[in-house]
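As C-alpha cells, one chain now follows by itself in the form predicted on its own.
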C-alpha cells in the first residue's frame, strides 16, 4: 500500500502533494477529495487509493483498475478562473499527464477530446473533473485520474480498447516515480497556465491529437452529430464542420470514425459532460 511518506520522499513540488491521503480501498478518490475540499482542504491536496470500489469514469460508468497495479488519485485545485473557463482544464490536465508519462517511459501519448489519453489508439488514462460553483464563483475543482500502469489483463470487452504502460514498454513501471513525475508536471504546467491563461494549453494539446481534420461522431444529449474536427475553441470546445457550417460542442462522447463498426459503437454511447458541478 502507498504511504504518504513514501510518496512525498523526493517530491520537489511546492503545492501539489502538500498533503496526501492514502487508502488501501475507498469508494472513490473523487468523492473523498470533494469532501475534504468542501471543508477547506488547500489546493494541491491529493487523495490516492490502491483500490476504488466505486471508481468513476465518464457517462456514470465505473472505472475498473486492478489493485496495486495502477494509479488512481484525485487532486484538489482552487484556480481563480471563471466557471466558463473550466472546460479548458481537461486540456491542461491531459497535456501535463502526457508529458509526465513520456518522461517516465519515452512512449508517445496522444490526447483525445474531451478527457482521454491514448497510446497506439488505445486508452491508457482517463480524466474526470468535478467541482463546485457557488453564486457564480468557482470554489474548487477536483481532478480525478485513472492511469493503467502495470495491468496486463483487461475484461474481454476492453481488450481492443485499453492498454497499459507495462504492455507498451514490456517493463514493470515504478508507480511511485511516475506519480512524482505527474505531480511535478501538473505543478509546472499549472503555474504557467495561471500566468498565461489556460487557453495557452490549446496549441500544445492540438500537437498531441490526431483528431484534427478527421471525421467523428459525437453523442450529445441523445443526439448524434457527425462532423469533421476543425480545431478547438478558445474556451475548450471542439469545433466541427458539419452540414456546411461550423458548430462548437462542449460536451459529448466522441468516436473517431474509421469504419462502420466505429459508427455503430458511437450510436450506443450516451452524452457526457467534461465537467460536473456538485453543490455541497
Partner chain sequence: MDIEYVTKLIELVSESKVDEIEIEEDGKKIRIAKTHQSAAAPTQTVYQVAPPQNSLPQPSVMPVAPVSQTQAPAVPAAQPAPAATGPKFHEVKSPIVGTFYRSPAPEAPAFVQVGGTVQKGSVLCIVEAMKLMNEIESDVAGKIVEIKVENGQPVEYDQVLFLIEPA
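Source: prediction; values computed, not measured. Residue numbers count along the first chain shown, from 1.
Absent from the display: the form predicted together with its partner chain. The rest refers to it.
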Its partner chain is absent from this chain, but in the model of the complex, do 117, 176 and 186 each have a non-hydrogen atom within 4.5 Å of it? no
With the partner left out here, check for me: in the model of the complex, does some heavy atom of residue 27 sit within 4.5 Å of its partner chain? yes
Looking in the model of the complex, any heavy atom of residue 129 within 4.5 Å of its partner chain? yes
Evaluate residue 225 for contact with its partner chain in the model of the complex, applying a 4.5 angstroms cut-off between non-hydrogen atoms, and reply yes or no. no
Indicate whether residue 32 is a 4.5 Å heavy atom neighbour of its partner chain in the model of the complex. yes
With the partner omitted here, the residue among 217, 239, 251, 211 that in the model of the complex has a heavy atom within 4.5 Å of its partner chain is 251
Identify which of 167, 206, 133, 162 has a heavy atom within 4.5 Å of its partner chain in the model of the complex; exactly one of them does. 133
Partner-proximal stretch of 178-186, 83-91, 101-109, 144-152 relative to its partner chain in the model of the complex, 4.5 angstroms, heavy atom: 83-91
Within 4.5 Å of its partner chain in the model of the complex, which residues of 182-210 have a heavy atom? Give them in sequence order, or say none. none
